[in-house]
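The form predicted alone is given below as one chain in structure tokens.
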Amino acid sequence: MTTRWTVFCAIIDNFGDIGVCWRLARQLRQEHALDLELWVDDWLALSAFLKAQLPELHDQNGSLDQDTLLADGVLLRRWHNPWQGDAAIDDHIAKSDVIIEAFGCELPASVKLALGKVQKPVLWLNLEYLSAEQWVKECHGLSSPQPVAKQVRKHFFFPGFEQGTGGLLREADILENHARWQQHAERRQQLLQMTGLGAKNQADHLLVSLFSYDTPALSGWLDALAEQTQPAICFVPEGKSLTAVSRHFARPELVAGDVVSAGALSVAVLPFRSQNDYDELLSLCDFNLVRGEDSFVRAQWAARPFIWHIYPQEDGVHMLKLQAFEHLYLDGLETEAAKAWRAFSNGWNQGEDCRELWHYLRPQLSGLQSHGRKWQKKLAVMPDLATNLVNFETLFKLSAHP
């Protein structure tokens, strides 16, 4: 009998949460043949996100016109606020084999109550944010009793970079895809042609991608690209990065299809991309600036030099999380390259002028490229997040029925 999983996703920051949940849901369905429902609370954000992924789902106005849709085998359902589920829906959800609260979102109260009435064991998971901090291994898999019933427990599942964590999202074909994209030089030329820059000799250019939060650090970096000897092309998908780019070039607004230049630098604005197209962009560029969690992980599978713009927190806790990752990632990297990478990473995430920091980092890209390959292979040895989740359910069932 097919195992039934239910995932709840609250879209908090642009498309980061749904980006992870959609990749996970599709992989669980396609690679593990699970019967999967994905409940999403922001239907407008989901609609905008899926336009690039599955445009055929949208009506003539470009919207998702139903509260329930089947996409790539995943049943998408609208999570209304306040919750509009009746007793039948609550019971249906509560009788899932696995229920996942993505990133700490809370299940509707009536669903929790329904969980307390279910006779069979249900695996209730809180899928946490990705972190490289050491305490993650200690907390991964821990459970806590819930007030709805004595037999109901919630387990905490932590993605991570080391054995003893939940691992990272990694589809079965992603490494093969990156190898294919990077082996064919014409893919880079096609990328340039799509932006109207096809006449440029891509072999002579440094290709970079920018997908970051708005930051004052951006202006100095763009200045550095403009004044370097090697011509550079910076690809910027539509999103938050454009605010700072527009400000830098004194433009009221930049939109998809625009190209602006200064010195050795050309900036090409790309339309919002499907996840597969974004993976390819990361693969084809020589350097990637990424943000949040989803693009952060994808940059590592691309095995290209990158900098992570971590989600900023007012109390500065994000810098501790960043430093924990830096400690893992820089292990084994040649000293000068490690120093340059760490300096740029910290400067970027603290909103500093990164002009000179880029000139310090730029000569190290070759060494960072080799290191990226080694890091990719090191991560690929571990089971991926979806597989770890499925294995965790298997162990849960064995413990419930010894």
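Owing to the predicted nature of the structure, the values given are computational and were not obtained by experimental measurement. Residue numbers here begin at 1 and follow the sequence given.
What comes next is about the form predicted together with a small molecule, which does not appear here.
Every member of the trio 275, 295 and 311 reaches the small molecule in the predicted bound form with some non-hydrogen atom inside 4.5 Å. Residue contact check for residue 12: one or more of its heavy atoms lie within 4.5 Å of the small molecule in the predicted bound form. Contact annotation for residue 129: at least one heavy atom lies within 4.5 Å of the small molecule in the predicted bound form. With a 4.5 Å cutoff on heavy atoms, residue 211 counts as touching the small molecule in the predicted bound form. A residue is said to contact a partner when one of its heavy atoms sits within 4.5 Å of a partner heavy atom; residue 375 fails this definition for the small molecule in the predicted bound form, lying far away. Contact with the small molecule, judged by heavy atoms within 4.5 Å in the predicted bound form, is confined among 83-91, 136-144, 265-273, 247-255 to 265-273. Out of the listed residues 160, 237, 108, 305, 237 is the one that sits within 4.5 Å of the small molecule in the predicted bound form by at least one heavy atom. Only one of 291, 178, 77, 154 comes within 4.5 Å of the small molecule in the predicted bound form through a heavy atom, and that residue is 291.
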